[in-house]
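Single chain ahead, written as structure tokens, the form predicted on its own.
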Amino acid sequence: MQHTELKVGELARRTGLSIRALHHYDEIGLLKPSAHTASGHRLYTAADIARLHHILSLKQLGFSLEEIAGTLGRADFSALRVVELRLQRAREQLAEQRQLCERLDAIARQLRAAEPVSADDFLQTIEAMTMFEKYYTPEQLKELEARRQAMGEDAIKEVEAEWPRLIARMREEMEKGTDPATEPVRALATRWRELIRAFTGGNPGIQKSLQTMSQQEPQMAQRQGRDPQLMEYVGRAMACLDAPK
């Protein structure tokens, strides 16, 4: 690793963090500078900067500072694993944000053509604009936006196209009366869980926000075909996945 030594002010400027935050990390033993100037000022080395990267990555993944300290202190800690987890999350994104883009684009086309835009069109767009700000923190929204940009439009379209098919197949099994414990339903439930995890990235904070939004916005779930009866069936299938064999 190349030789680098930055004073706390320079490190704060380069990273966008506050000097106060860096001092706090030092005080709690999370990020102690490896060197000091003759006058006692903190000097951060390349190894310190790498550790700071791991700290911020884990923080954005929903870890508390105490949990981060424990993770970095483990004998089996893997810097590669931290980077891979952060990369995975950067490649995931919200299907609903794409829907908002499509609605805004449709309204823009209507306005360019001097066509009337219905109140319902505006209401649906406003709903999409405010939905996520209501249930997700600014940090979570930034994480999801970075994920969308990294993931790319083609991958997002594939996920968006898969959800309706998966919902329809799950509903078909439910209407046939298929036992949720059977292999076909277990396979669908596994994929359902994978798509949810692709969205949340395993971030417990985003997972909680998603659950809260689903509970508080039943009309959104209904429009997507996720009515209470189907979700009860999905819940039973998930329980079968978790049950010991």
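When you see a residue number, it is the position in the sequence shown, counting from 1. Remember, it's a predicted structure, so these values are computed and weren't measured experimentally. Take the two forms, find the largest set of C-alpha atoms that superpose within 1.5 Å, and that set is the rigid core.
The same protein has a further form, the form predicted in complex with the DNA, not shown here; the description that follows concerns it.
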Select from the listed residues Thr212, Thr190, Thr182, Ser64 the one whose heavy atoms reach within 4.5 Å of the DNA in the predicted bound form. Ser64
Quick one: of Arg197, His53, Arg186, Lys59, which gets a non-hydrogen atom within 4.5 angstroms of the DNA in the predicted bound form? Lys59
In the predicted bound form, do Val8, Ala21 and Tyr25 all reach within 4.5 Å of the DNA through at least one heavy atom apiece? yes
Location of the DNA contact in the predicted bound form, chosen stretch of 174-182, 64-72, 45-53, 198-206 [non-hydrogen atom, 4.5 Å]: 64-72
Residue contact check: Lys32 to the DNA in the predicted bound form, 4.5 Å heavy atom: no
Stretch 26-51 - residues with a heavy atom within 4.5 Å of the DNA in the predicted bound form: Ser39, Gly40, His41, Arg42
Core-aligned C-alpha movement of Lys59 between the shown form and the other one, 2 Å or more: yes
Is Leu210 one of the residues whose Cα moves 2 Å or more between the shown form and the other one, with the core superposed? no
Core-aligned C-alpha movement of Gly9 between the shown form and the other one reaching 2 Å: yes
